[in-house]
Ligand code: ARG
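For reference, the chain that follows is the form predicted alone, supplied as structure tokens.
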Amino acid sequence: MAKETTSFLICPPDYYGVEYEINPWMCRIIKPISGLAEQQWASLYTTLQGLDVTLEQIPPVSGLPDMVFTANAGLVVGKQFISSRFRFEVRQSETPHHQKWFQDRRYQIITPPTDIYFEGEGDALWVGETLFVGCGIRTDRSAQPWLTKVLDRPVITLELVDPRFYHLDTCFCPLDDQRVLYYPSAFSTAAQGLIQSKIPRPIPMKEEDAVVFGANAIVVNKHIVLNGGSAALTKTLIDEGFDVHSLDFREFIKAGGSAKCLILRLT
């Protein structure tokens, strides 16, 4: 049987910037340098192409500076697109563009109930057949029973408690169906217990690795793409059998995102 091609949705950073402050990393007086951001995004694009990843693009939209972070658009499961409902009004105008892109490709669009905030793959990551959902900062805990019904698969919520790690993908990186790289202090005590009990091989990371977005990484088979800056984390991942691709995402970290935030998994 032929191996399934990995494909991601990405959005060029034409209109990327820090125009508001909705997480602790954002400061309107510390603007990303657009030329550097474009270079860093292009480096990610080239690296993923080298890993035989298929890259689909959604056009950027003027006035939507965070649209570059496609992970937050929603969650793709087969030919279903579970659309996000953003907590902050400044991001809600992205949703019609995301939904249209998927509608045009004949995906079934599923929208959260009006009383549930859900921020897509930023807060929803698979470990095997179980979906782990970060809650408490952007996504509501009540998303869990709704997603369980929609997906008919196990869904486990993990409470996030550190505002620096406002989405699950900033502090929790599934490496495969057995191993997850995570930053313990980003989670409540109860959530740490769930990670220890539900995941066969949790791999804790140190704060100095977490704050350079070491967990906000893209895994493609035995390759991992992440923000450079931690020799210790790189060694850990090499020891776990990965080829590590360390890139520079500092311009995107100014908005609270790194490698994983810039892609939405389609397959």
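Because the structure is predicted, anything quoted here is derived from the model rather than measured. Residues carry their position along the shown sequence, with the first being 1.
Although it is not shown, the form predicted in complex with arginine (ARG) is what the next lines describe.
The candidate site formed by 26, 166 and 255 is fully in contact with arginine (ARG) in the predicted bound form, as each residue has a non-hydrogen atom within 4.5 angstroms of it. Contact check for residue 22: a non-hydrogen atom falls within 4.5 Å of arginine (ARG) in the predicted bound form. Contact check for residue 139: no non-hydrogen atom falls within 4.5 Å of arginine (ARG) in the predicted bound form. Proximity of residue 122 to arginine (ARG) in the predicted bound form falls within the 4.5 Å heavy atom cutoff. Using a 4.5 angstroms threshold between heavy atoms, residue 170 counts as touching arginine (ARG) in the predicted bound form. Contact with arginine (ARG) in the predicted bound form, defined as a heavy atom within 4.5 Å, holds for exactly one of 85, 91, 97, 179, namely 91. Looking at 100 to 108, 193 to 201, 179 to 187, 69 to 77, the stretch with residues near arginine (ARG) in the predicted bound form, meaning non-hydrogen atoms within 4.5 angstroms, turns out to be 69 to 77.
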